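Next up: a single chain in structure tokens, the form predicted alone.
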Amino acid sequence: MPVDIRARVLSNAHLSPDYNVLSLAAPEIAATCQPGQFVMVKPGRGTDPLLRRPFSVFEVLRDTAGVPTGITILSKRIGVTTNLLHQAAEGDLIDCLGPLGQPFALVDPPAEAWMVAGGVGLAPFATVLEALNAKGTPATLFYGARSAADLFYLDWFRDRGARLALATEDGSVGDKGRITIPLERELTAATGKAVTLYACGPEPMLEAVSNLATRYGRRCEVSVERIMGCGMGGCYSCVVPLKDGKGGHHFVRSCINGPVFDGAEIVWE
């Protein structure tokens, strides 16, 4: 069950003028969080912002004995909430509700897990990699962004055994263009290999990755990004259209039924 706490800011690491990683003391959430779940957060005590906003749990923090003590969230400054999170100082209190949502269903070895991230869509994959390592499942991170300056935590993923495949729109690192370029190249070469895809990022990227997975006969789970008012299914602001098996579709709430879905089941709009 999710818990609603006022989490104390432990640290605020600025990765760039717009990106930051906020560490929160939240042992109650960290203890039960699974890869792909999220929290609803609200900084400050006023009415702007009025509602909480969803953020994937980036890392689960642990003490020297391995006991979960907190979480981190990866944020990009684009609005009121993310600006406040970017400015948060050690000791500040952040309203934090979680963990929420359905997690990724991670494969066991000898199958491989390919994580596909676009920009801030990197957020769920630190906990995913940690869980894959615990299983012994080989992992690859396909990570795309506008430029090399927008790619973060590369050494963190390398140091934990992930193979990296990168793409940037300006060609400053890896393939020039979308992350689907190296992904399709490797799918083409992976004949006979058991691979499951896990993707998070802008919806056009999720659709493209899902379509590639279908074309190459692979399962693809996607974590969708939806505006949420409550995170617990009460406001119906985060609906996602899913195929109904009869040529039509029905709507489900991503905060309850997701944010992780089988990409082949989504009706992409």
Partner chain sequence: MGVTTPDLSVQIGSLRLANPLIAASGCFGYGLEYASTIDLRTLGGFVTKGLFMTEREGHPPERIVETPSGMINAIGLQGIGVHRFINERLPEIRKTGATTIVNICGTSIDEYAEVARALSQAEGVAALELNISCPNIKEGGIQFGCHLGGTFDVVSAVRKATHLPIIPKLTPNVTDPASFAKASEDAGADAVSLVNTFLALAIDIETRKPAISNGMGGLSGPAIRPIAVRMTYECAKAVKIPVIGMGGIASARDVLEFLIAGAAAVQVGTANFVDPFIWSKLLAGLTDYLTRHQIARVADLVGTVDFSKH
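Numbering follows the first chain given and starts at 1. Quantities reported herein were computed from a predicted structural model and do not represent experimental measurements.
Heads up, the form predicted together with the partner chain isn't pictured, but that's what we're talking about next.
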Exercise. Have a look at 58-66, 23-31, 208-216, 222-230 and name the one stretch with heavy atoms inside 4.5 Å of the partner chain in the model of the complex.
Key: 222-230
Self-check item: residue 107 within 4.5 Å of the partner chain in the model of the complex, heavy atoms
Solution: no
Quiz item: Counting only non-hydrogen atoms and a 4.5 angstroms cut-off, does residue 4 reach the partner chain in the model of the complex?
Solution: yes
Practice problem: Would you please decide whether residue 202 lies within 4.5 angstroms of the partner chain in the model of the complex, comparing each non-hydrogen atom pair? | Solution: no
Practice problem: Verify the contact flag for residue 97: yes if a non-hydrogen atom of it lies within 4.5 Å of a non-hydrogen atom of the partner chain in the model of the complex, no if not. | Solution: yes
Quiz item: Who in 225-262 is close to the partner chain in the model of the complex, meaning a heavy atom within 4.5 Å?
Solution: 226, 227, 228, 229, 230, 232, 233, 234, 235, 236, 237, 239, 249, 251, 253, 256
